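What follows is a single chain, given as structure tokens, in the form predicted on its own.
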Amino acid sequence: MSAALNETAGGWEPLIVSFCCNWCSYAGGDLAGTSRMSYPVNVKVIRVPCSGRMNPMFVLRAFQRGADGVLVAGCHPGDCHYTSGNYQSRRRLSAFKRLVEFAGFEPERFEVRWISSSEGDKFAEEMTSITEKIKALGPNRKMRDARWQSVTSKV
């Protein structure tokens, strides 16, 4: 069910998009699942090869397409399988977060976290934490693309 339809029903739940590094964060999510740790079902996980591969445009597109919050999760600094991908990601995404804040958008809607493959409990905690934070902020109305909303509301 789309977020717009969910809002009209009165039981709004945030949509969180999480971009996870294949080697660490995604494996941490897999560990959380196999260990039967629970986290909110409204978190949609997208696997990327490395957090260094994250283009800030992916984040903007997620917000335009209806995400209420976006989380980028990668390997801990110094543990990247591609040597320096997480350092590049940290630099690029921290500048992006400042730019988003300067533009008047709530910076709390966008988070970057470091989660290793052995931290299934941390993965579940971070997903729960960002969902609760976004639920308190309310729906994302500033960055949604009106053209996309009209298409999803017809579905």
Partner chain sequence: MAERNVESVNKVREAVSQDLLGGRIDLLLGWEKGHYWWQSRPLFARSEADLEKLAWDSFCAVNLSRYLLEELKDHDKVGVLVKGCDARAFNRLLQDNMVRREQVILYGLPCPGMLDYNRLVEKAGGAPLEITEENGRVIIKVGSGEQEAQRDDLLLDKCKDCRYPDPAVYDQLLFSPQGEKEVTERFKTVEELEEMSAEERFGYWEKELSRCLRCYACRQACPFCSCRECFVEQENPRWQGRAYQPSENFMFHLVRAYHGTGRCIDCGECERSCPVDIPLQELNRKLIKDINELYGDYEAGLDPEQEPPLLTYRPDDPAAFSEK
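Here the structure is a predicted model, which means the values were calculated and not measured. Positions refer to the first chain, counted from 1.
Beyond what is shown, the protein has a form predicted in complex with the partner chain; the following relates to that form.
Among residues of the shown chain, residue 125 is not one whose heavy atoms approach the partner chain to within 4.5 Å in the predicted complex. Contact check for residue 101: a non-hydrogen atom falls within 4.5 Å of the partner chain in the predicted complex. Proximity of residue 129 to the partner chain in the predicted complex falls outside the 4.5 Å heavy atom cutoff. For residue 106, a non-hydrogen atom is located within 4.5 Å of the partner chain in the predicted complex, even though that partner is not displayed. Residues of 40 to 76 placing a heavy atom within 4.5 Å of the partner chain in the predicted complex, in sequence order: 55, 56, 57, 58, 60, 61, 64.
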